[in-house]
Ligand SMILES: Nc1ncnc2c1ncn2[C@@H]1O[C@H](COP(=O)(O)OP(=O)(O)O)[C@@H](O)[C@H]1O
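Take a look at this single chain, the form predicted alone, given in structure tokens.
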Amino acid sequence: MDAVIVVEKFSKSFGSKQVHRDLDFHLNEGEVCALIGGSGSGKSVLCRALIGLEKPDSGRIFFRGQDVTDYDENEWRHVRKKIAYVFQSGALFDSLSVEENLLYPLDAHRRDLSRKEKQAKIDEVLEMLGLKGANQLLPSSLSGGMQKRAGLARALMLDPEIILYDEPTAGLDPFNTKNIQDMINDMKATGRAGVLVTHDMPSAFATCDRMSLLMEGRIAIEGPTAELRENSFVQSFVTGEIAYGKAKQ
């Protein structure tokens, strides 16, 4: 299976805090990989680095075989059309309606489309994600689950090849959690690869083909979800014997 993203010897510090140390990671074509680990273990930092929002202190990042580590902002803009980031909060513009939020990336990057074509795309994605009729609503009038779905809808506007999901089920009730799981599986069914940053192990088991456990700045263990479900090391993380990015002392 071909890797669409490869991270080699990635190191990152913030002041005196070393977050990653020579970390290696990869994402294969068409798979969803869970990135799990304790709070502060650097899961979101790694995901942000995959779209150029964090620069490594050392190491390299490759997208489809191309070294993108030293890309400037203009070069990263082209990569970000192919790698969408779904922020934990949805990160919608508060003053814009749902439709205006979705129109924003289309106006910026798809000037080849007519207004009618953009409208049709917005309506199609909103209906697909269960948000039909929410076009004119402001983010403040949406529930937490709806905000997350609207954030995913905006991410889909540019037809990305890869979706990075940052804690998409955090704070959601079981019903909305199941909806998000279904949507991740729906995206996978279209051939889109994804990285799921999460503490929600049931969601990871329900959606992910492979899992990578971050600990002490590196990937401590990785492999197919079906195999790691019974792995004693992963079970120690699930039951709380391993927490906060390191083994309990």
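Every value quoted in this text rests on a predicted model; they were computed, and no experiment measured them. For every residue, the number given is its place in the sequence shown, counted from 1.
One more form of this protein exists, namely the form predicted in complex with the ligand; it is left out here, but the text below deals with it.
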Practice problem: Tell me, yes or no, whether Gln66 is in contact with the ligand in the model of the complex, where a contact means a heavy atom of each within 4.5 Å. | Solution: no
Quiz item: At the 4.5 Å heavy atom threshold, is Gly38 in contact with the ligand in the model of the complex?
Solution: yes
Practice problem: Give a yes or no for Val45: in the model of the complex, does one of its heavy atoms lie within 4.5 Å of a heavy atom belonging to the ligand? | Solution: yes
Quiz item: Heavy atom to heavy atom, is Leu23 within 4.5 Å of the ligand in the model of the complex?
Solution: no
Quiz prompt | Interface residues of 14-34 toward the ligand, as seen in the model of the complex [heavy atoms, 4.5 Å] | solution = Phe14, Lys17, Val19
